[in-house]
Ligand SMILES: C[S@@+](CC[C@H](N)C(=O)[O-])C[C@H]1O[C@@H](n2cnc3c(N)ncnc32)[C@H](O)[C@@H]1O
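Take a look at this single chain in structure tokens; it is the form predicted on its own.
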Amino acid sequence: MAKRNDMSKLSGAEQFEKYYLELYSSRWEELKKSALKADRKIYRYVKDLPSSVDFDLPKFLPEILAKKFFADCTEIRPQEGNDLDFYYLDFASVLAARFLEARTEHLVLDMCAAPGGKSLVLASDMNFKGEIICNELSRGRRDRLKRVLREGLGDLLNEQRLDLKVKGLDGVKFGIKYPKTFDRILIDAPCSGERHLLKRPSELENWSKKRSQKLSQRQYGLLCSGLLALRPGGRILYSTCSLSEIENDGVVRKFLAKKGEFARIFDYEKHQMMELIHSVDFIERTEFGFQILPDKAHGMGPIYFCLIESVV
């Protein structure tokens, strides 16, 4: 009881500091400092790069792997070309979405799709063919999602090579409405977004651990819905931009404890992108997945991602 009273006397910012200092220990100060800086490695995700535009592959990757997995990412602002051919996206987000391995033959769901950057990655991985459902509950965010998809995909939608639908459902309803339907599901779940909180002191004052715990309940519900909506042998990429273990491995741990009869962590060593992960030092393994944090990842992230497959 005394401990609870002590916490109640702290401001939101003080509670935040206490929680993450305990979680990250001596690493926290450098992590916080990196998160407070301007995002250093924001990449342009390229739909159809004009041949006249020169660009650099990500320099912090081995060149052969940059060409193999991220030839559509550029490190510098092109001097020519229509700005609508490009989309600003943290490289860590590209990597996470690409880890799902969406392909032309898959029926794909992006359950929490706004603002749309990861949807563009999925569309590219599908060679701009096939079928994607991009879902967003919030009307305002859904309007932005539609604009990003329209500007980012343009004529590809008019040519009907890519069947892309935008829906506004609550993600937890997909499992009931579309049981055993999708081959690939991306759940980029609503989360604490600590990097943004750190830059907004007024919002930070409202922080409490209960907020993270409440979000984790929502995240767990989305993950359970995704499992119900997944075809046998299908895959879910669960991701957040949170630093909180409660919202990352904690959600997956609870999910596996309750749904482990029907789902399991993908055997990562069978994944083609492990060639990349083994070649760099800024992609960190966690209990169930991977984390990219700005203090070790050239200012990128934070992002957590975990690949789950249904048990056939």
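Predicted, not measured: the structure shown is a model, and the values here were computed from it. Residue numbers here begin at 1 and follow the sequence given.
If you look for the form predicted together with the ligand, you will not find it shown, but the lines that follow are about it.
Asker: Can you pick the stretch from 223 to 231, 124 to 132, 206 to 214, 107 to 115 whose heavy atoms fall within 4.5 Å of the ligand in the predicted bound form?
Answerer: Contact criterion met by 107 to 115 only.
Asker: Out of Arg141, Lys177, Arg103, Arg161, which one falls within 4.5 Å of the ligand in the predicted bound form, going by heavy atoms?
Answerer: The option sitting close enough to the partner is Arg141.
Asker: Give a yes or no for Glu136: in the predicted bound form, does one of its heavy atoms lie within 4.5 Å of a heavy atom belonging to the ligand?
Answerer: Yes, Glu136 is a contact residue.
Asker: When the contact criterion is heavy atoms within 4.5 Å, does Asp170 count as touching the ligand in the predicted bound form?
Answerer: Asp170: contacts the ligand in the predicted bound form.
Asker: With the partner left out here, check for me: in the predicted bound form, does some heavy atom of Gly152 sit within 4.5 Å of the ligand?
Answerer: Answer no; every heavy atom of Gly152 is more than 4.5 Å from the ligand in the predicted bound form.
Asker: Is Asp188 part of the interface with the ligand in the predicted bound form - any heavy atom within 4.5 Å?
Answerer: Judged by the heavy-atom cut-off of 4.5 Å, Asp188 is in contact with the ligand in the predicted bound form.
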